[in-house]
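Take a look at this single chain in structure tokens; it is the form predicted on its own.
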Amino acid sequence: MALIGVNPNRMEVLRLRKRLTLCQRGHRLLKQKQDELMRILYRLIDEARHLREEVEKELTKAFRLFLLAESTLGENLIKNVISFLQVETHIEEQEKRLLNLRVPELSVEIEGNIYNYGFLWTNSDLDNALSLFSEVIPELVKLCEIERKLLIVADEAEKTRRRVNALEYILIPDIEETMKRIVMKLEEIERASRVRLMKVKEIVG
């Protein structure tokens, strides 16, 4: 354990005691922050996991319908139908505060009509597949938002954990050990002074 280089005097003990109090208070606050970050992190992990399962389920269903439609209608007809689609997806990003972090908040707007093609040469599989794709887009955007929040919170939680550990296992013990050594040194000096004083009294007496 590294000792802090200081002069062994009572003023230094007082200064170190104030510093120790400050470090202990900072440690408590950081520990509270770490606990809150971990609570948020677990919540985001749970949200991301459930939403990803839903998105994958819907995408699997949509792709299955799309493949069924392609097997029935043929690849060329599918390409012609898709070329008529006039749908635009707009994603807007804003920032909001989460504890002291800036995290993204995404909103999505889909413009246009996915059914602006003729129904004469298509079938319900294609219609349902396109409908599912359009419905899953907002969920994909929401999943992206949650996973980006997850990365930001996880990074901050790791930084906070390192700070808590540095205070708990390095700085606070170093200050306490330094104070202990200074007090021992002062007591040693005081004992030596008392011995000298007694010897002086013996000589004088």
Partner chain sequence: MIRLKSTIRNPQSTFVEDKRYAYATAYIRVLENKLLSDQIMSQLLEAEDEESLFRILQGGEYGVGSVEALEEKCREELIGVISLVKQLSLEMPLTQLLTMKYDFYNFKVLLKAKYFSKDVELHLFDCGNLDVKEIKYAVTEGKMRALPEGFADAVRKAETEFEKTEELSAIDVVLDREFVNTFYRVSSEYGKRFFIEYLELFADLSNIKIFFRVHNQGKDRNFLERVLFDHGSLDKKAFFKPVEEFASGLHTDFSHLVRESLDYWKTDGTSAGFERLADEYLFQFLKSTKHIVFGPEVLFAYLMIKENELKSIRTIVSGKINGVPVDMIRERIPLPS
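Here the structure is a predicted model, which is why all the values come from computation and not from measurement. Positions refer to the first chain, counted from 1.
As for the form predicted together with the partner chain, it is not shown, yet the points below apply to it.
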- request: For the three residues 73, 76 and 118, verify that every one has a non-hydrogen atom within 4.5 Å of the partner chain in the predicted complex; reply yes or no.
  value: yes
message: Please pick out the stretch from 166 to 174, 147 to 155, 27 to 35, 62 to 70 that is in contact with the partner chain in the predicted complex, where contact means heavy atoms within 4.5 Å.
response: 62 to 70
message: Given that the partner chain is not shown alongside this chain, does residue 85 nevertheless sit within 4.5 Å of it in the predicted complex, heavy atom to heavy atom?
response: yes
task: Examine residue 113 and determine whether its closest non-hydrogen atom to the partner chain in the predicted complex is within 4.5 angstroms.
output: yes
message: Residue-level contact is defined here as any heavy atom of the residue lying within 4.5 Å of the partner chain in the predicted complex; does residue 134 satisfy this criterion?
response: no
Proximity of residue 124 to the partner chain in the predicted complex, heavy atoms at 4.5 Å: yes
